[in-house]
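Heads up, the chain below is alone and in the form predicted alone; it's given as structure tokens.
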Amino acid sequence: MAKLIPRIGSRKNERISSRKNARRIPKGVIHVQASFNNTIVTVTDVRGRVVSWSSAGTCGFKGTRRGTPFAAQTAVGNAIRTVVDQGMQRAEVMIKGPGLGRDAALRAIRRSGILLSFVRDVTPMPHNGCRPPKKRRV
């Protein structure tokens, strides 16, 4: 029985590679989740599909350094660099969380050259939800 040899220039392979490169994204949404321990940046298109993401941990910061403003700035730079190459010019920014990287991330986004349509704080706030734990006696 003859063995089938896959063709290098087959139509199936060509479609996958061209689709990945040819995706132009003029407008997107940048989600910044800043906790005390880490900062996660996710860039999506308008429909919510993830285009690029980065975090302080993936940028090489370990331990307590992940929660620093400089780590957040580096994570934003990594995430935005790929989407600027894909043609993103306008973006909305959603910031969530109480971490130190909030302001640094926003500053880095402003410096990247992307026009911001709005910046929204989407930190979840309880409307007197769960009872808090009892106070510590030291």
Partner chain sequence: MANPRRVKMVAKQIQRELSDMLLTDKVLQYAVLPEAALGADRYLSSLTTISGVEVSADLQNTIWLGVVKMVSVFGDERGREVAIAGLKAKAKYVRSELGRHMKLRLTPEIRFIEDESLERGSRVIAILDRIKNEKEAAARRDGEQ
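Residue numbers count along the first chain shown, from 1. Keep in mind it's a predicted model, so treat the numbers as computed, not measured.
Another form, the form predicted in complex with its partner chain, is not on view; read the next lines as being about it.
- prompt: Among 63, 26, 48, 98, which has at least one heavy atom within 4.5 Å of its partner chain in the model of the complex?
  reply: None of the other options qualify; the answer is 98.
message: Please identify, from 82-90, 38-46, 51-59, 106-114, the stretch that has a heavy atom within 4.5 Å of its partner chain in the model of the complex.
response: Careful reading of the contacts points to 106-114.
- prompt: Contact between residue 77 and its partner chain in the model of the complex at 4.5 Å, heavy atoms?
  reply: Residue 77: no contact with its partner chain in the model of the complex.
Exercise: residue 125 in contact with its partner chain in the model of the complex, heavy atom 4.5 Å: Yes, residue 125 is a contact residue.
- request: Consider residue 135 of the chain shown here, and say whether it contacts its partner chain in the model of the complex, taking contact as heavy atoms within 4.5 Å.
  value: Within the cut-off, so yes.
- prompt: Would residue 73 count as a contact of its partner chain in the model of the complex, using a 4.5 angstroms cut-off between non-hydrogen atoms?
  reply: Looking in the model of the complex, residue contacts with its partner chain include residue 73, since a heavy atom lies within 4.5 Å.
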